[in-house]
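The chain below stands alone and is given as structure tokens, in the form predicted on its own.
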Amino acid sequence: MEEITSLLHGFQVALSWYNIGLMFLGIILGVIIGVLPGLGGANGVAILLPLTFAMPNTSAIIMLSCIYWGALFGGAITSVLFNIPGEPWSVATTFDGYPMAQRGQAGAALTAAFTSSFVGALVAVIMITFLAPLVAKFALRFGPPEFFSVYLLTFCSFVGMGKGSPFKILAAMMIGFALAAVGMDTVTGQLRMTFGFTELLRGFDFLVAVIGLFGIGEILLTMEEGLAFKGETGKINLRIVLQTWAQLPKFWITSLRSCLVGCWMGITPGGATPASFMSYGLAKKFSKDGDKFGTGQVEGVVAPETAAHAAGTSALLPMLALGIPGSPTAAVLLGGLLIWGLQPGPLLFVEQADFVWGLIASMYLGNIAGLIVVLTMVPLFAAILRIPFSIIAPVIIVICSIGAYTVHNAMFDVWLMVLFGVVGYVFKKLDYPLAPLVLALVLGDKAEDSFRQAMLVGQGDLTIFWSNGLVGSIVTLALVMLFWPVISKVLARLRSGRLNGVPEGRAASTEQ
């Protein structure tokens, strides 16, 4: 009842005409960002973050979070109509969405995608509503050792459970830690790795880095590929919507399973992209029409879209309750909260209750607004892709440059943005992940401060990280996550050796 009462108060905060207008504006901007390859949810939020500095913090976070929802919705439009994933998590949607569009069922595919996205996000928001306060109350027991153990768990989970080479993830994370160490040491006040540049006294601003890594890097990559837009036309009317909605209840088990996968991958550092692929694979395995997946099955659209939205939304839970982002976009939003003078974590629910519950209420309202916008404006958003990319790319670069300059009103930040753009391009060409770098850049200094404070309290004794059951269990779990690839290989070898060796031994003893 306490959560419901707080949520009703949150609706009072969010339901002002100003905030409702910002919701629809954010959704429209987000869908455009999701539609345009070369932009993404994290970069869209990063570019527009400086424009919100003059807004009240509740209104600003409502607009930015709605940009995020819109980007999640928009990625499906290009996937279905053009076979171009507008977002990484929309790749799995192309497998069945585009074949449906080729058969003239683009409206049904888009309706299924948008409705599934709505359901996945709604389940995740309900989970945030009831779990976030509990997690926050539990986190009030945390001191420096506990906070460092949670940071360690986040970093180790990225390495051990991340998709791709653990060594590449670790290398990207180490670069992020190095960048986070630049500037003034918060404990001793000494300068580190500034190399005589006074502009580096404040360190590398995460916002400039994110704009360059995600925005400029994607544009450079897209320019090299010479992207041209060709696709199907998409029309949605009331008849198509009602017909599709009548089919969707058949896939309730797939939706429920995808929600569970998405929420788990969002809270842990898995992310929306692995969640969409995992959900698609599970749906293909358990569906009676699994052998037809890839030819244009509605269930093949429902599974990845539900999981992607559930993961993208639930990633905000650890950010609000613990101050630890579960996705690159959540990391950008975390930086925004810090810029506005808000400290994400357990005390946020006590000190800034209006802000937190206003944000959670806006998640419900923004999700509904997003569904309305995308169902009514698909032809308009699809028409954006008729604009030549040679016109779109310079516009995006100009917007990125303005966003980077307005952070500190310094031209130095624009050059840094370009430098980070080249780094992002090289990372993508070499197949190195950007998310661990961004995570380490945002959380590296906080993890360092918690570690050094814990060392001061424990007088340099590392056993402080096993001084009680809470911190000891988290650190142990973090180490298991870090070495999970090695552990899983050893377990697999032992299992295969047992399967191969035991029957032979039994057979030999029987013959004797």
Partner chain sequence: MTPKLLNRVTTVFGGAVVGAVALAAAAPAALAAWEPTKSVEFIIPAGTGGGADQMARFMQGVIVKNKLMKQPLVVINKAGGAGAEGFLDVKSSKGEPHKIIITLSNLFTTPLATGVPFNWKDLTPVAMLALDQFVLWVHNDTPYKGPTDYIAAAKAAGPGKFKMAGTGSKQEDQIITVGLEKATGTKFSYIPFKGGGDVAVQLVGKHVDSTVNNPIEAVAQWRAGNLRPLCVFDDQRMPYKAKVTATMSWNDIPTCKESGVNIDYVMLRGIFMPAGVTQEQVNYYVDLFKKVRETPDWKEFMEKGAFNQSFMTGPDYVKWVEKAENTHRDLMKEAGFLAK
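Just so you know, these numbers come straight off a predicted model, no measurement behind them. Positions refer to the first chain, counted from 1. Rigid core (definition): largest C-alpha set, two forms, superposition within 1.5 Å.
One more form of this protein exists, namely the form predicted together with the partner chain; it is left out here, but the text below deals with it.
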Worksheet item: Pick from I372, L131, L191, V241: which residue has any heavy atom within 4.5 angstroms of the partner chain in the predicted bound form?
Response: L191
Fill in: Partner contact for V457 in the predicted bound form: the partner chain, 4.5 angstroms, heavy atom
yes
Discussion item. Under a 4.5 Å heavy atom criterion, is D291 part of the interface with the partner chain in the predicted bound form?
Written reply: no
Item to complete: Verify the contact flag for I253: yes if a non-hydrogen atom of it lies within 4.5 Å of a non-hydrogen atom of the partner chain in the predicted bound form, no if not.
Response: no
Worksheet item: Even though the partner chain is not shown here, does R103 get within 4.5 Å of it in the predicted bound form, heavy atoms only?
Response: no
Response to the item:
The stretch from 282-290, 257-265, 183-191, 117-125 that lies within 4.5 Å of the partner chain in the predicted bound form, judged by heavy atoms, is 183-191
Fill in: Residues within 4.5 Å of the partner chain in the predicted bound form, restricted to 8-29 and counted by heavy atom
Y18, G21, L22, L25, I28, L29
Fill in: Core-aligned C-alpha movement of A109 between the shown form and the other one reaching 2 Å
no
Worksheet item: For R192, is the CA shift between the shown form and the other one at least 2 Å following rigid-core superposition?
Response: yes
Worksheet item: C-alpha of F118: shift of 2 angstroms or more between the shown form and the other one, rigid core aligned?
Response: no
Fill in: Shift in CA distance, L334 and L200, in the predicted bound form relative to the form shown here, given it is 3 Å or more
farther
Worksheet, complete the sentence: With a difference of at least 3 Å, the CA distance of M184 and A54 in the predicted bound form shows the atoms farther
